[in-house]
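Before any questions on binding or motion, here is one chain by itself as structure tokens, the form predicted on its own.
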Amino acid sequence: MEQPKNFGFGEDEAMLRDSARRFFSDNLPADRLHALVAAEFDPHRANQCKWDADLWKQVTELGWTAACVPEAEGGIGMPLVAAVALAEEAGRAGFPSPMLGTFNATFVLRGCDTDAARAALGAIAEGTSMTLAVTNSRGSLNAGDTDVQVDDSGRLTGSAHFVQDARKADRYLISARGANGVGLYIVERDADGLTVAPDVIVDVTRDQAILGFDNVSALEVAPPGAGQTALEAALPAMLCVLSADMVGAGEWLLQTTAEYARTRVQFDRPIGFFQAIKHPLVNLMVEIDNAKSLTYNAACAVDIGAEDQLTLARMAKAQASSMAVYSGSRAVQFHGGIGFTWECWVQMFFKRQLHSQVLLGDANHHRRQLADALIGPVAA
């Protein structure tokens, strides 16, 4: 199928993006975000999950999490580029929420093709949040490597690691191995036998945890043997929304740093006058544009069912990850003596970028996968 003009990003998607930008500008400016997630600077503070649940409720009432849920299940049925636009604006605002996890769960559930999965999609359309718990202790997303087992009665034992926004989500979508292969299962947040052990992470806008399962009752949404297929089918879309989040955060860092460079005076001139400042900022602008173009191109490829969608999504994630590190480091450096302080808003987006760039594989990982796919594996 031929790629549509503008990556399939039409008037409806533009209206959704613009409304999201206004919403975050009105409800979550950087000073309010800092007061929400970074008010306490004590390094020995308790591991707390700071977010605005009421703001998240407004987001679900606006229907954003239902954007990619099929209309048959009560959703809006928009293309992936719509979710990418929302993720970009969420990244630009540093929005603490289970938005990316809910999007990712949506993509996986759409590939399950069971009545239980369709019912779960309907719950997402109605405002239920969900996040993936499919990673083992070594960080592998391969369903066959899961550390969770399921018995014949549908009960789970084991653990899932690196679960994003675990303390914000209402439900968890888990991969578990049974006698007949790996399936996918949903567990409620308050399920008996479930434990949530928070990790200490650098990102103050997110939380991460290890889920422990001790004979936990679960709902099967993909039968044993079908879990890997659903996860693999969802991976390109998952890489796209995460890349878009990094693009949005990168845009905030660029705009904020450029404004600082126009106002901070040194040697009787704004520091943006000097080539040591202006040239890296231009380089960052190019890096962001490259990541954004690759992200929307990959999302469009998913929407039209292109055969190379995973290749394009890996290209987007690799570029976005490299850009994320560069955007954060330049912003901190160019803010000078205040750039590394807790009071400077830059630190929130810098840390979000550092966390995002390694999620689902960093730039080196995806470039290695691309090289193996396009050139061939290197002989030992």
Partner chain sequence: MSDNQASDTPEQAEFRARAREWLAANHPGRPPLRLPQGALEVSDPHALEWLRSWQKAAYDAGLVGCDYPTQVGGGGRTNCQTVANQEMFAAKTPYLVNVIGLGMGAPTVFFHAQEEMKQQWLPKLFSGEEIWCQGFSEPGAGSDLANQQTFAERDGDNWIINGHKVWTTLAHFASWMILLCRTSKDDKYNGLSYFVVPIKDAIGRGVTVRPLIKMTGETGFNEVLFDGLVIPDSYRLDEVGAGWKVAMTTLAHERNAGQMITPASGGMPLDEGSGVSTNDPASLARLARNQLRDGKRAADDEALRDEIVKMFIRSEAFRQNRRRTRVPELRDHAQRIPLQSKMIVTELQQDMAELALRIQGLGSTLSFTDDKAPDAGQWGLAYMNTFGITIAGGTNEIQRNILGERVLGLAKTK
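These numbers come from a predicted model, not from an experiment. Residue numbers count along the first chain shown, from 1.
There is another form of this protein, the form predicted in complex with the partner chain, and it is not shown here; the text below is about that form.
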>> Can you work out which of Pro223, Gly122, Gly77, Gly139 has a heavy atom no more than 4.5 Å from the partner chain in the predicted bound form?
In response: Gly139
>> Using a 4.5 angstroms cut-off on non-hydrogen atoms, would Ser329 count as touching the partner chain in the predicted bound form?
In response: yes
>> Quick check on Ala35: any heavy atom within 4.5 Å of the partner chain in the predicted bound form?
In response: no
>> With a cut-off of 4.5 Å between heavy atoms, is Asp152 one of the residues that contacts the partner chain in the predicted bound form?
In response: no
>> Since only the chain is shown here, I'm wondering whether Gln266 would be in contact with the partner chain in the predicted bound form (any heavy atom pair within 4.5 Å).
In response: yes
> Using a 4.5 Å heavy atom cut-off, which stretch among 284-292, 108-116, 226-234, 178-186 contacts the partner chain in the predicted bound form?
Replying inline: 284-292
> Even though the chain is shown alone, can you say which residues of 158-197 have a heavy atom within 4.5 Å of the partner chain in the predicted bound form?
Replying inline: Phe162
